[in-house]
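The chain below stands alone, shown as structure tokens; this is the form predicted on its own.
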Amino acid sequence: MHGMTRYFLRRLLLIPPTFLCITFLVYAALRLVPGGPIEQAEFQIRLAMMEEGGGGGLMDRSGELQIPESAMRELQRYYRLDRSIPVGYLHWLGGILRLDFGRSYVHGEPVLGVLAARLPVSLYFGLIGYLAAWVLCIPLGVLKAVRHRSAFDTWTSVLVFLGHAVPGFVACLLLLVLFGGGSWWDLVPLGGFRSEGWEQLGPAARALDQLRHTWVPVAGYLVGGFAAMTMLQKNSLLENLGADYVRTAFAKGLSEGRVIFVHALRNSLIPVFANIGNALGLLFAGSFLIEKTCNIPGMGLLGYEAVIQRDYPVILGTLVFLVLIRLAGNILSDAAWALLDPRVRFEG
């Protein structure tokens, strides 16, 4: 136990330097990549000057508009890009420690509030998708292990590998084309979280509307982890069925059902349970491809739009969230494995 405590203490102590390295590299990359907010603002100013027909005194010899240095300095100050990269990063990091993530360039609101508004949407779809994967994949993996090399195992393997080959956002796109508005079926809307005027609907109508907006994105999340979870459950159960304690249980005269579904299944669920930490990132942050395809106003779509629009505060705020969730998830996975499997020992 002492070695395990030292192991997790070391893992916790590695979080700050890892966080600093990742965030500094991304911050520096954002400052160095062209097409940032200064360039976009400069383009808008030039376009406005040309539309108004002014700026004659700002033309250079080549006939291009030149923005005054004072205006450029004001833009740099407004976007907090008037400092060097190291100094700017330290200033940004100080704000993060005070829970001041800055203000979004696009939304004009504090980044923390923008992230908090989008988080429940991603959590809603991610949690339902993860629970649906458990409900479908765990029983399927158990049946595939019990009926190993049977016709059922063969045909379901085709389904599993098909799910592995099709990305989640592609599955969502296909479902929207087949069942979305404008199609012959017209069973689901083409995107969004809820219909307009949802609050004015009755309880049954609201539940139905929410269901119509839910099942396509959830299918995309399910496809993403369907193959991995099913095969993990099957292989884990097959490994336990070949263990010595299972043969001993059979030798004692225990029934096949009790040996499989009580002894072997309980141990085979350990790797699946221990993987819960790695799923936290998807649960909380969403999938930007699925949310973009289904036009879901969640964290994933927010991050995607922030990258396209060069909304640096939102990009960095989303990065902070994702890094901390991923690092905490890795530690949680190790802790879950150690708690569920007494054979696991982490040496310090």
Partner chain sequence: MKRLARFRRIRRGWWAFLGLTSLFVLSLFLELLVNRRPLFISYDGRWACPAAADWVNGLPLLGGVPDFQKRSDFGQAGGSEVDYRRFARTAADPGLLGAEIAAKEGELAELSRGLAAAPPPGQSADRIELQDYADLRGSLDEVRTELKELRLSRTAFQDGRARILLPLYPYSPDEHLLSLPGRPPHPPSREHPLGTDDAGKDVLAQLVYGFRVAMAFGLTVVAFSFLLGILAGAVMGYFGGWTDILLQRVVEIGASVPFLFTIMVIASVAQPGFFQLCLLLIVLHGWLGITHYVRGEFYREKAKDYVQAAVAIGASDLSIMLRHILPNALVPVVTLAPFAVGGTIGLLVSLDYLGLGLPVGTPSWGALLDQGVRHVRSHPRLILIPSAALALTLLAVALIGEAVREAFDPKPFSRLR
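Numbering follows the first chain given and starts at 1. Quick caveat: nothing in here was measured; it's all calculated off a predicted structure.
If you look for the form predicted together with the partner chain, you will not find it shown, but the lines that follow are about it.
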Worksheet, complete the sentence: Here the chain appears without its partner; judged in the model of the complex, the stretch of 221 to 229, 88 to 96, 142 to 150, 74 to 82 with heavy atoms within 4.5 Å of the partner chain is 142 to 150
Fill in: One residue of 272, 121, 241, 115 in contact with the partner chain, assessed in the model of the complex (non-hydrogen atom, 4.5 angstroms)
241
Discussion item. By the heavy atom within 4.5 Å rule, which residue out of 169, 101, 193, 130 makes contact with the partner chain in the model of the complex?
Written reply: 169
Worksheet item: So, in the model of the complex, is residue 158 in contact with the partner chain at a 4.5 angstroms heavy atom limit?
Response: yes
Discussion item. Can you work out whether residue 322 and the partner chain are in contact in the model of the complex, taking contact to mean some heavy atom pair no more than 4.5 Å apart?
Written reply: yes
Fill in: residue 199, heavy atom within 4.5 angstroms of the partner chain in the model of the complex
no
Worksheet item: residue 208: heavy atom within 4.5 Å of the partner chain in the model of the complex?
Response: no
Discussion item. Need the contact residues for 307 to 331: heavy atom within 4.5 Å of the partner chain in the model of the complex, sequence order, or none if there are none.
Written reply: 307, 308, 310, 315, 318, 319, 322, 323, 326, 327, 330
